[in-house]
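A lone chain, given as C-alpha cells: the form predicted alone.
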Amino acid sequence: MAAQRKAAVVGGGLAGLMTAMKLAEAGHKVQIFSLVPVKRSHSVCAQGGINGAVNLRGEGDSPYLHFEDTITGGDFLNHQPPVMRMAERAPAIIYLLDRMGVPFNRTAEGVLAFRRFGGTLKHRTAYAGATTGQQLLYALDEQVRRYEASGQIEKFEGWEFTSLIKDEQGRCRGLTAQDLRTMKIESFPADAVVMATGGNGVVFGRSTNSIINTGSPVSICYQQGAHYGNPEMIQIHPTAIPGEDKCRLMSESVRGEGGRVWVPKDPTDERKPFDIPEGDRWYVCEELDPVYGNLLSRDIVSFIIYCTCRMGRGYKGGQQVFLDISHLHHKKGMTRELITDKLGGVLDIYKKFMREDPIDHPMRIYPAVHYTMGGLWVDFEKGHEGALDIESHRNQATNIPGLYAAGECEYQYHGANRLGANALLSCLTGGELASQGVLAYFQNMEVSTEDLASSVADDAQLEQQSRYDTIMRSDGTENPYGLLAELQETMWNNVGIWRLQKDLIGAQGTLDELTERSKQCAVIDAGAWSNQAAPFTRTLQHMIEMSKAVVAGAINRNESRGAHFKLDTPQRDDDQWLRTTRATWTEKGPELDLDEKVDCSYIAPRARKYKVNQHSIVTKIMGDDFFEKNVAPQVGDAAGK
C-alpha cells in the first residue's frame, strides 16, 4: 500500500462526501470543512431526481443517448470525454445508491421507477419522491460516518474556508479556515485540497439557492490564481415561487409528471384559474414545440416564460404564469396519494408558502437563478481511443497543482446549460473522478506535507488573520448588507436572463464602485464570538470579485448559447465561440483567455433538436420586427479592462 496521505475537502454536499468516502476507502486521511452541518449542505435541496440510462422501460435508452442529450442541452460548450464518462457511470451510480439504502420510488413490480425530465424524450430520472437530494445526501453521510468513527475522516462543521496554502513552487499545500463560533483562524496543511462548495446563486438575489451559496470559496481560489471557466454561464430555472428572502424551487419533476405551463389568452381575465376553460388557455410551450412541450430544456422554458411576461401576457399582466397539475387529479384520475407519492416534497413547499393546494389550484411561478454551469476550470486526460483515462492525475485538477474541484463549483460537465437531474449525477461522478485524480497525484508526489516548512502554513494563517483584523477595525460608513442588495439588483437586472451589451458594460462600472465601497464597511458586530457581520463583509468582497468575472465573460462572448442570450448577438456562432472562457484574476479586473477549444471528438456541433431557440422565441412572442426595432448597433468589446 502507498504511503498514507492527507486530503482536505471543502464542502460537505454530495461531491464532497463522495470524494471523502473514496479517498478514505483507499486508506488516506480526510478532513471535511463545511459551513453548515453536512446534512444541511445545499445538495439536500435537490428535488427531482438523478439521471441514468438504465432503460428499465424498454425505450431503447442508452448512455450514449444520455450523453447526446447532455451535450445538446449544453449547446455543445461542454467537453465531450468527461460527459461521456458521466453518462457511462450513471447506471452504476444509481445502483450503488440503491444498495446504500436510498428509498427510490419503485413500480408496482418492485423495480426502480423513472420519470422524464427536460431535454429528453426518455424516462431516465430515478427519484425518491421529491426529496431525492436529501435522501442521497443522508445515505452518503452514513457511509462517511463509518470512516469518521474509525478516525480516518474528520469533520469541521461550522468552519469557513478562507484561503489556500501555496508553497514557493505554487503548489497547493493545504488551507486556512475560520471557526465561526470562536472566530479563530487556523491553518491545515494537506497533500491535496478538493473544492466541492456548490454554486453562487446568492450573487443574483432572486435565486433558489441557499443563503450559503455565495460562491466565495471559488472566488478565493480564483483570486489566488485558479482559472475560472465559463463564468458567464448562469442557469435560470423556469419554475420558482418568488419570495422576499429567496425563491422556492418548484422542481422540474412537476413538469416531468405532466405539469403544464399556461397563461390565460386574455391577460385581463378575472376568472379564477381553475374556472378558465381549455379553449381560453394558452399553453405556450406546447404551442412553440409540440414534441418536447413543457419539457424543453430549462434555458428555453425560462426564456419563454420571461418573454411572455415581458409582453404583458402573464397572469393579470404580472410576472407570473401557471404551472398546472390539477388536471392529473381532476381529469386523468390520478389519486391524491399517487401524486403525493411522486411530488410530495414540492407540493408541501408550495402549500406552506402560497397557502393553496396545488393539486386543486394551478401554481403561480416565475423563473429564478438556479445553477452556475461556470466554475473552477478543471482538466481531464484522454487515454485509449479517446475515452477518459481514469488513472490520470489531471482529472478534475485545476491549474494549481494539488488543487482539485468537483460538483457545481467546477465548470466542465454542463456547458452552456445543465439538463435537469444531471446535477446530482455530476456531483457524484465528479467526486468519484476527483478522488481518482487525487490518488494518482499522491502516487507522483515529490514532497509530502510532512516535509513542508511550518512557516508556509503559519504565513498563510497570519495573512488571513490580518485581513480579518482589518475588517474588524473598519470604521467606514457603508452597510455590507445594503451593498449586497445593490450587487444583487445589478446582477439580476443586467446579467440575468436577458442581456444587452450596454447593460453589461454599465454593470461592470457599478461593480468597480462596489469594490471600493466594500472596503469602507462599518463594523456592525464587534463581538469575538459567533460574529456574523465580519465574515459576511469578507464574503461580500469575494462575491464582487466573482461577479466581475461573470460580467466580463458575458461582455466578451458575442453570441447567444444556452443560458447566455445576448440580444445584440442573438445567434450561436461555433466558428468564433466554440471555446472555453478562462478568466484569470488581476487587481485591474479579469483577464480572459479563449485559447481552449471545446473537445467535440464524439459528435460534431449541430443545431439543437428543439423547434425553437431564444431568437425564434423573441420573434414568435414579441413580433417579427422586434430585433429591427430594439437592437442598437453593437457596442465594442469592453471585456479586457
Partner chain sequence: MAQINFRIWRGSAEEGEMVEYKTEITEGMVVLDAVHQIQSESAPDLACRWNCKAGKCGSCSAEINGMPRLMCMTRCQDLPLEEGVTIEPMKSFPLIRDLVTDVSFNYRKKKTIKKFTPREPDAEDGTWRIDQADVERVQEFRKCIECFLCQNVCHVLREHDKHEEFIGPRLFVYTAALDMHPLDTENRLDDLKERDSIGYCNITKCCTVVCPEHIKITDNAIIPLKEQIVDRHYDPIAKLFRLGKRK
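None of these values were measured; they are calculated from a predicted model. Take the two forms, find the largest set of C-alpha atoms that superpose within 1.5 Å, and that set is the rigid core. Residue numbers count along the first chain shown, from 1.
The same protein also has a form predicted together with the partner chain, omitted here; what follows describes it.
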Query raised in the report: Where, among 554-562, 392-400, 244-252, 268-276, do residues come within 4.5 Å of the partner chain in the model of the complex by heavy atom distance?
Result: 244-252
Query raised in the report: in the model of the complex, does Gly27 have a heavy atom within 4.5 Å of the partner chain?
Result: no
Query raised in the report: With the partner left out of view, is Ile339 within 4.5 angstroms of the partner chain in the model of the complex by any non-hydrogen atom?
Result: no
Query raised in the report: Going by a heavy atom distance of 4.5 Å, is Val598 a contact of the partner chain in the model of the complex?
Result: no
Query raised in the report: Would Lys502 count as a contact of the partner chain in the model of the complex, using a 4.5 angstroms cut-off between non-hydrogen atoms?
Result: no
Query raised in the report: Is every one of Phe104, Ile524 and Gln532 in contact with the partner chain in the model of the complex, taking contact as a heavy atom within 4.5 Å?
Result: yes
Report task. Could you work out which of Ser326, Gln134, Gln465, Asn493 is the residue within 4.5 angstroms of the partner chain in the model of the complex, going by heavy atoms? Result -> Gln134
Requested in this report: Name the single residue among His330, Lys352, Arg473, Lys184 that comes within 4.5 Å of the partner chain in the model of the complex, judging by heavy atoms.
Outcome: Lys352
Query - Sequence-ordered residues of 177-214 touching the partner chain in the model of the complex, heavy atom within 4.5 Å - result: Arg181, Ser210, Ile211, Ile212
Query - Large Cα move at Glu186 between this form and the one not shown, threshold 2 Å, rigid core - result: no
Query raised in the report: Just checking, between this form and the one not shown and with the core aligned, does Glu463 shift 2 Å or more at the CA?
Result: no
Query raised in the report: Does the C-alpha of Asp525 move 2 Å or more between this form and the one not shown once the rigid core is lined up?
Result: no
